[in-house]
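For reference, the chain that follows is the form predicted alone, supplied as structure tokens.
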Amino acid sequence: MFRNTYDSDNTVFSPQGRLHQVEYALEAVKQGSAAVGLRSKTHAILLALKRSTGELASYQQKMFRIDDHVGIAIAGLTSDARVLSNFMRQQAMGERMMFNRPMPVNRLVSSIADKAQVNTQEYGRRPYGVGFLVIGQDQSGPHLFEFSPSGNSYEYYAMSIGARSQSAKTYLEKHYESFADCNLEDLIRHGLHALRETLQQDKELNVNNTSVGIIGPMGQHEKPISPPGSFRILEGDNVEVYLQSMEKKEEAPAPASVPDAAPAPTADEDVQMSG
């Protein structure tokens, strides 16, 4: 049932210096559907693949608005994400009430990282089983952060988390140098191409399973919003115009045809042996 005698409690180190319960929580993030984040000089965006539990069920929510200047995409346990997103909203609201200003993005991410770290050190708690991609904008421009259940947080130019996210990372690593100067439409197209890499062979992106979150100036295909540049989530028909702009995926070359084998001799024929 257990990997070893050191994985039944998150406060016990293994002889190799590992906390197995924390590693299991990181595995829970890898089980969630993929989310991709990118940023340019003017925008930060999130793209997420929504899952449905069945034909009769709606697609699960993958993005949450925290404040006008912050939004998140999740991978992992949705219930844990709901608790942490509510905590982030309380922190952002407290900053506005006390100091009449939006909370700096890096400090907001650090606050949930500190909250998650407590669950890796105190007895009787379990780590959160969810990871976040956090986008935000402040005086220094757009930002993209990753938060993990281990309590770590990092800032990125582009990042992906969730199931089969390594395929998306490979795409992002190839193209990230061009992201800084992209406009919103090109940035979303890159994100959709990266998200498409995480799909199974028989699946395609559509208006039902794709969510796009944006922070930054309004794009060509968007309606005016208030306040300008605040976080907004595009779903349903609003995503269709971006899906139509995607380039078709290059199909793998067909395997070389194998020459037909010589027909087997019949019983009436002699088998000729080569000399």
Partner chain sequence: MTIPDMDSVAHPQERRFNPYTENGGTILAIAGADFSVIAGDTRQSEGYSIQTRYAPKVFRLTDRAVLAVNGFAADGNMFVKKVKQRLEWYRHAHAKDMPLRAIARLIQTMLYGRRFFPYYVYNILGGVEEDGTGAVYSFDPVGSYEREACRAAGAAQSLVQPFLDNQIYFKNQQAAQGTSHPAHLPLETVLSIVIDSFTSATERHIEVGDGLEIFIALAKGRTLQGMESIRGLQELTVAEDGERLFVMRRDLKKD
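Numbering follows the first chain given and starts at 1. Owing to the predicted nature of the structure, the values given are computational and were not obtained by experimental measurement.
Another form exists, predicted together with the partner chain; not displayed. Remarks below refer to it.
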Among V212, A44, V29, I66, just one has a heavy atom within 4.5 Å of the partner chain in the predicted complex, namely I66
Between the options N152, S79, Q90, N183, which residue brings a heavy atom to within 4.5 Å of the partner chain in the predicted complex? Q90
Against the partner chain in the predicted complex, would K223 count as a contact residue? Criterion: heavy atoms within 4.5 Å. yes
Is S110 close to the partner chain in the predicted complex, meaning a heavy atom pair under 4.5 Å apart or at it? no
Can you tell me if N86 lies within 4.5 angstroms of the partner chain in the predicted complex, counting non-hydrogen atoms only? yes
When the partner chain is placed as it is in the predicted complex, which of 202-210, 31-39, 240-248, 225-233 ends up with heavy atoms within 4.5 Å of it? 225-233
